[in-house]
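This document opens with one chain alone, in structure tokens, the form predicted alone.
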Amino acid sequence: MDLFLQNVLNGLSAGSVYALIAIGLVLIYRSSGVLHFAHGSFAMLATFVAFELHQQGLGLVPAFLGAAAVAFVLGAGTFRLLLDRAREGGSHAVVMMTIALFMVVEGLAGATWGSDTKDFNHYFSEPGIVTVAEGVFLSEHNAWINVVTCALVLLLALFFRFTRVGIAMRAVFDNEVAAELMGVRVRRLHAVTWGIASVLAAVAGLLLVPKVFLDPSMMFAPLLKAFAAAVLGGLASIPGAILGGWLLGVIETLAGAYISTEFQASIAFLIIIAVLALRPEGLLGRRTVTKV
């Protein structure tokens, strides 16, 4: 039982990273109807920015804040300068634009910092152990991941519930045309949504980087798993993205422990197949009915 609980806790930590990325994917999808394939690349670039700022002598806190600011500007600017215009060409144009951005950002990161892997250890990579229960432990790094994720989820909930910008964003999510008729600046809120989503992805990258090496492709696998988490929970549901991320993290960790570590990498895609076949709207998604 102790081993099972240990694997569940480790899975929740991995799932928290997937959940942060998945929340950003859902925010962007609900706001502007875009599947953002460059979302992971933006997180990777922000992580490299934090690494570079720290290498230049800045403390970790200013480096993290600088990375978050770059992520916000990158996300918001991408929508205002590129994606808003590309949407006029249809969904296929938007998809190609995000794929092109994914390739370009990775290429620029490789040209700037090289393709060799780098270590970036920081506050969240402390080697200590937290005792959860007798025989069940959690590394300080995983504890930080869980704490930061829960704090951000709480802040996001308060933001959508009590701030004017958050309430306006919810109105845009529900009915963009009605929100615009009520005087909401929809395009500006789309850009803000993209910026917030990119910041969440950047935090996920900073939380994850002590577990992996820093390189231009570091966020590719987490992005795929975040897509799986979003599909599992419901692509239009923020709570679904959180639930999907945690479930996916636990499932893949248990699969690696009790079935095969080789199968562990494939579990996200098996979940995508199963969910799309049995419940396409996801666990917390709503089935949409189109009137003709």
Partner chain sequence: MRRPDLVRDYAEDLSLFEDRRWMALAAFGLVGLVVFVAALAPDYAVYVTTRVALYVIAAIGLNLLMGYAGQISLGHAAFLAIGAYTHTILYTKGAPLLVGVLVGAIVAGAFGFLVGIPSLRLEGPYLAISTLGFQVAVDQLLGRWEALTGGRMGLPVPAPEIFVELSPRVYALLCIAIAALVIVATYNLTRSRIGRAFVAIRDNETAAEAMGVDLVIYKTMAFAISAAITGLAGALLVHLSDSINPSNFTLLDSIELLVMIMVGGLASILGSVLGATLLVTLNHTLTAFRDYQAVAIGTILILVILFEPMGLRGRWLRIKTYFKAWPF
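Because the structure is a prediction, the values reported are computed rather than measured. Numbering follows the first chain given and starts at 1.
The same protein also has a form predicted in complex with the partner chain, omitted here; what follows describes it.
Judged against the partner chain in the predicted bound form with a 4.5 angstroms heavy atom cut-off, the residues Ala86, Gly107 and Leu224 are in contact without exception. Interface residue remark: Phe102 is counted as part of the site for the partner chain in the predicted bound form, having a heavy atom within 4.5 Å.
Residue contact check for Leu35: one or more of its heavy atoms lie within 4.5 Å of the partner chain in the predicted bound form. Heavy atoms of Gly240 never reach within 4.5 Å of the partner chain in the predicted bound form, leaving it off the interface. The partner chain is not drawn, but in the predicted bound form it has no heavy atom within 4.5 Å of Leu214. With the partner omitted here, the residue from Val73, Ile129, Val132, Met96 that has a non-hydrogen atom within 4.5 angstroms of the partner chain in the predicted bound form is Met96.
Per the 4.5 Å heavy atom criterion, the partner chain in the predicted bound form is contacted by stretch 77-85, the sole one of 193-201, 133-141, 77-85, 146-154.
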